[in-house]
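Let's start with one chain on its own, the form predicted alone, as structure tokens.
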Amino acid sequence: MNELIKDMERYAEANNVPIIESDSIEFINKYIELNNTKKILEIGTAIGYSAIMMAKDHPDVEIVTIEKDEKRYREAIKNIKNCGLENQIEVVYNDALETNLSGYKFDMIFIDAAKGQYVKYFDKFKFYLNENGVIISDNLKFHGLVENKDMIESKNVQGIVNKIEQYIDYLNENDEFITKFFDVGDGLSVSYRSNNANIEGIN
């Protein structure tokens, strides 16, 4: 499987597909291990890289992952099948904000999709979270530009950075959840309900 992983990394670089950084997936996999996480929802499949990295290290984990881009969806289906993980990973081809997961509950929700929609994703999918579950969000540094806005050269990127800042403010002001921020990879946050202290590995 290691060669398949390398092939995915090469494909992502050649086709400008953002995939999770190694430090970030290592952090998440450690969280899964420490907290006996079994059911995961991922917002933003891309080519299936992060879902595969979680599933291959944890054979008892089940993942539902949502992707709205058809080309990336098809690539993810192919990669998951090639890795023999189709029994662990279910890929939903749809816009996450239009997806109904009625009846599902998750131990972890991983948000790694359109940055401008993070608040909407959080508000929608928190209702699918188990009582002791967490919501992990990636790319909160956005290649270092959130902390170094003078390096931004386009209005489009400025808009994305502004949305990320608004999301960070939203997390900090959210009374329902406590959020901890980690300088890991491209910036991660872990949000858990205010009445839940039974979280390992995030202190």
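This structure is a prediction, so every number in the text was calculated from the model and none was measured. Numbers for residues come from their place in the sequence shown, where the first is 1.
The form predicted in complex with ligand SAH is left out here; the points below concern that form.
Between ligand SAH and the residues Y167, Y31, Y49, F177, the one pair within 4.5 Å by heavy atoms in the predicted bound form involves Y49. The closest non-hydrogen atom of N94 lies within 4.5 Å of ligand SAH in the predicted bound form.
Of the heavy atoms in F110, some are within 4.5 Å of ligand SAH in the predicted bound form. In the predicted bound form, ligand SAH lies farther than 4.5 Å from every heavy atom of V190.
The closest non-hydrogen atom of K68 lies within 4.5 Å of ligand SAH in the predicted bound form. Segments offered: 83-91, 113-121, 100-108, 129-137. Contacting ligand SAH in the predicted bound form at heavy atom distances within 4.5 Å is 113-121.
For the stretch 1-39, the set of residues having any non-hydrogen atom within 4.5 angstroms of ligand SAH in the predicted bound form comprises P18, I19, I20, in sequence order.
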